[in-house]
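Only one chain comes next, encoded as structure tokens, the form predicted alone.
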């Protein structure tokens, strides 16, 4: 049902952190500098850069450098792949739960007097 994918693993690892999810939420509104991405968080610029690098390695973020300014934008393609994987798993479990529901309904109807 599910194939192992290093790129998908990197995406889910990147999304596991609330700071990185917040950064992606900000980037969904438009591109931003690394400084702007770090503004809402009480962390050093080095820590912000580490988060950006994790997002970049996962393919969720694209960084452009102009002089000393690093501008980031979101790349939605890896999110689409993650969404497809979640949909496969959701479909699988919905089917299994439907089967369980039918089994329980049949069991109850056999027990009814």
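Residue numbers count along the first chain shown, from 1. Here the structure is a predicted model, which is why all the values come from computation and not from measurement.
Keep in mind that the form predicted in complex with the DNA is missing from the display, and what follows is about it.
Candidate site formed by 17, 43 and 53: every one of these residues places a non-hydrogen atom within 4.5 angstroms of the DNA in the predicted bound form. The DNA is not drawn, but in the predicted bound form it has no heavy atom within 4.5 Å of residue 77. The DNA is not drawn, but in the predicted bound form it has a heavy atom within 4.5 Å of residue 68. In the predicted bound form, residue 88 stays away from the DNA, with no heavy atom inside 4.5 Å. In the predicted bound form, at least one heavy atom of residue 63 sits within 4.5 Å of the DNA. Exactly one listed residue, out of 82, 27, 34, 58, brings a non-hydrogen atom to within 4.5 Å of the DNA in the predicted bound form: 34.
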